[in-house]
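Given next, in structure tokens, is a single chain: the form predicted on its own.
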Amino acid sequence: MEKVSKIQAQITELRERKAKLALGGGQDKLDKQHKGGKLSARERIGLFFDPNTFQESGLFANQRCVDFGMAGKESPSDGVVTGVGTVDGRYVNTASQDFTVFGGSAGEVHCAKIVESMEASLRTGVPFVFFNDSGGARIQEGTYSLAGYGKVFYTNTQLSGVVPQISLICGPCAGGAAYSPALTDFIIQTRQAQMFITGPQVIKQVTGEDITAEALGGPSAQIDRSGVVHFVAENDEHAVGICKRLLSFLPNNNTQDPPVLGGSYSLEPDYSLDEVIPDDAKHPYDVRDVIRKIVDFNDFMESQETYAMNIVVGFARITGMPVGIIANQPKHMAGVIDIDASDKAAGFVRFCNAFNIPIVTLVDTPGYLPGIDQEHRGIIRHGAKLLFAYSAATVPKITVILRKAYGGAYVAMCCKDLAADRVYAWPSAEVAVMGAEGAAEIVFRREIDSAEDKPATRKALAETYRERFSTPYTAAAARVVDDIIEPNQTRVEIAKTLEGLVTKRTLRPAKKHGLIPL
């Protein structure tokens, strides 16, 4: 029998140890993970990264708690896989929680590994992607676990605005664990996952209310109602696909421009845009029809699609250049701006500005949503966020007024006086303090009150007001609109403007940071 050298024996031992650690909590727990419709931590990484590019860090890490029977217990990789690899050829750092090891609970070593991966992103200027699948803090480690969470939150904040941060919620994300995703830029949640601060049992104990985990923290709760989540995925594979697509629009860090795709792009007029706006100004239409016609290959990646649906935000490309799109949605609530729409749009503007992504704004809004509920909940404060976000943004800003642009909402949707670089209007645009019908009631009150046929007089005077004050020609004469364009030329004009704004530079007063109304 051939004698095995010492180094060969050591290599064999190393391979055996790595193979064992790669199983996490064991084959039985992996099988249970699969039975629940979830991939393992390493399977998610295998799907996400380009083949044979992932380099793991901390494979041999182990917990060091000695209390509550934890002394000597093995915790493979301490329940989180961390490392770096390439995604479509670009480097990305990651942490992927392993639910098969102590339920993916976060202890001291677990959190330290996550922080190290995040700090590596900060040093190298590449995105950080976090796969969440955890029952929360590791109770046996007490304050060490809480301190670990604190370091994760602190590091999330250090990365904010420097490199893109994306969280994928692939399982439970409970208690303090939920705050790290909340500090990242985008959250993708699978339909099997739940995300909440206090679970159903705690809520029942405190309030007596009986609620399921799905109803409390499932995707419909956290995107439709709370607005915490940005994208919903059918499963882990779908979530990885969404994440990859999202990364394709983003630069590696805040010192780089977003990746421009080369190629040949059509800039022919699209005459179907001429028919988008209904003849009756009260009739709705879907603004996404406009968006898809002005972007490359009708490809629009909408964010928070089912939250605050009166405003639409998302990413697209125009002649290969990534842009952020913000548009009022007349199809929902007539496109009014309310509290949730303000928050949604303001957050998106802030992200685009942080990562050098030009902003295209499509305007069709009758104003802010009136009502006691909105006033009491702080529409003034929330609405001011949108004003602040646009005003603070220094990236190229292009605005197209499609139809209604009334009052404060006209200003909030990146008007010329909020430093929009170029403002276009369609012939159907109405720029005014308020709608012609409401304005006529105020301006021509005496004439209407004294008229024999009040409805006819009201209608005629409203049309007089519209022709005198609401047309795009009046706005262009006042230089709040740079040009009035045919709808079919919208893509052409935006593309030319973007090209001319590539070298845009804006100097702002020196300060630590502005104080956005929170």
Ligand code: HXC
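A residue's number is simply how far along the shown sequence it sits, counting from 1. The model shown is predicted, which means the values in this text are computed figures rather than measured ones.
Here the subject shifts to the form predicted in complex with the ligand, a form of this protein not shown in this document.
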Identify whether the ligand in the model of the complex is within 4.5 Å of every residue in the set Thr94, Ala120 and Val163, based on non-hydrogen atoms.
no
Open item on the list: So in the model of the complex, is the ligand close enough to Gln158 to count as touching (4.5 Å, heavy atoms)?
Closed with: no
- prompt: Do Tyr265 and the ligand share at least one heavy atom pair within 4.5 Å in the model of the complex?
  reply: no
Going by a heavy atom distance of 4.5 Å, is Ala419 a contact of the ligand in the model of the complex?
no
Any of the heavy atoms of Phe102 lying within 4.5 Å of the ligand in the model of the complex? yes
For the ligand in the model of the complex, the stretch among 203 to 211, 388 to 396, 141 to 149, 374 to 382 with residues bearing a heavy atom within 4.5 Å is 141 to 149
If we test each of Val115, Ile294, Ala137, Ala327 for a heavy atom within 4.5 Å of the ligand in the model of the complex, the one that passes is Ala137
The one option of Arg466, Arg42, Lys32, Arg458 with any heavy atom within 4.5 Å of the ligand in the model of the complex is Lys32
Contact check, 165 to 191 vs the ligand in the model of the complex, heavy atom within 4.5 Å, ordered by sequence, gives Pro172, Ala174, Gly175, Gly176, Ala177
